[in-house]
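Only one chain is included here, represented as structure tokens and corresponding to the form predicted on its own.
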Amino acid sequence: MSGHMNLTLKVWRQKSPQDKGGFVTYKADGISEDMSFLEMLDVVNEGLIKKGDDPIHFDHDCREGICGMCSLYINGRPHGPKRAVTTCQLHMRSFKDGETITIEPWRAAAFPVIKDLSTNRAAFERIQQAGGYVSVNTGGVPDANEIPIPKVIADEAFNSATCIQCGACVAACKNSSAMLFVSAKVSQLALLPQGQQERYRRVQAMVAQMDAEGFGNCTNTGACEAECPKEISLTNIARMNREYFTAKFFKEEEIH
């Protein structure tokens, strides 16, 4: 039989983007160590609803570590104490009976709080949209599959594409930098032959949008890589910097 624990939660509650917000303390008793962190919050919310209180608002969707929605800052770390897991994959066995757990939203000016632990991460969508599209004519599906891509390049592009846009990199960075996210999206297309036509225009547009959204500069501390649930590599940032500065050598008409 699995163990149970009694916990104290210090949860950030904020009614709206304009509200000052603050921590509220809750008791979470009889929590199974086999529960996921989000299931534990569900139990707490059920208790709040029964008492007629407003439940704690937090983002979630797939609960399988795929969608990147479960953006919680737990005890000073994005997605909690375990490496390479999302909050929905974090289980309560990672905590101890009697422990106090502090739960906050992502703290970044570019990710304004919607309510409680839920933040608006539309800035990531706008950066991706600034990157535009891939205009190569691949023909039919069999023709597209015939475009030769060396395995080492395909693997590197795939590794970059595993980014789930959760924003843990931003939350981990003292400057709220989005460089790891943006560089992963730049790398994903810059490495592939299909992404070459817009290559330099894409990186300039995405970096410009990143700056316009108010994300900070890279700190070079590596906190983003350490806290990324998909272990996106810092080498992507170096690649993006090369892409960006190479684009500066091209004449404007060659890029557009």
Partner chain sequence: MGNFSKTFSSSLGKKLIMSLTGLFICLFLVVHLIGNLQLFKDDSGQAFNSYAYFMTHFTPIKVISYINYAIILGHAIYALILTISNRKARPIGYAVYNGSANSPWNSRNMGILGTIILIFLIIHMKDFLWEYHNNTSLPYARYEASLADPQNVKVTPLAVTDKEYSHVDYVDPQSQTHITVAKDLYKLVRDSFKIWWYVALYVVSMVAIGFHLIHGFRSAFQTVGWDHKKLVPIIRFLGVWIFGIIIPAAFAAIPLYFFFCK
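Every value quoted in this text rests on a predicted model; they were computed, and no experiment measured them. Numbering follows the first chain given and starts at 1.
Just so it is clear, the following notes concern the form predicted together with its partner chain, a form of the same protein that is not shown.
Chemist: Whether Met210 contacts its partner chain in the predicted bound form should be assessed with a 4.5 Å heavy atom distance threshold; does it?
Modeler: Met210: contacts its partner chain in the predicted bound form.
Chemist: Does Thr119 reach its partner chain in the predicted bound form, with heavy atoms at most 4.5 Å apart?
Modeler: Outside the cut-off, so no.
Chemist: Considering only heavy atoms, tell me if Gly216 and its partner chain come within 4.5 Å of each other in the predicted bound form.
Modeler: Although its partner chain is absent here, Gly216 would touch it in the predicted bound form, with heavy atoms inside 4.5 Å.
Chemist: Give a yes or no for Met179: in the predicted bound form, does one of its heavy atoms lie within 4.5 Å of a heavy atom belonging to its partner chain?
Modeler: Yes, Met179 lies within 4.5 Å of its partner chain in the predicted bound form.
Chemist: Of the residues Met35, Met69, Ala223, Ala190, which one places a heavy atom within 4.5 Å of its partner chain in the predicted bound form?
Modeler: Of Met35, Met69, Ala223, Ala190, the residue with a heavy atom within 4.5 Å of its partner chain in the predicted bound form is Ala223.
Chemist: Which pick from Gly140, Gly98, Pro150, Gly76 sits with a heavy atom within 4.5 Å of its partner chain in the predicted bound form?
Modeler: Looking at Gly140, Gly98, Pro150, Gly76 one by one, just Gly76 meets the 4.5 Å heavy-atom criterion.
Chemist: Report the stretch among 24-32, 37-45, 53-61, 223-231 that approaches its partner chain in the predicted bound form to within 4.5 Å, counting heavy atoms only.
Modeler: Looking at the partner contacts, the answer comes out as 223-231.
Chemist: Residue by residue through 93-107, tell me which have a non-hydrogen atom within 4.5 angstroms of its partner chain in the predicted bound form.
Modeler: Contacting residues: Thr102, Glu104, Pro105, Trp106, Arg107.
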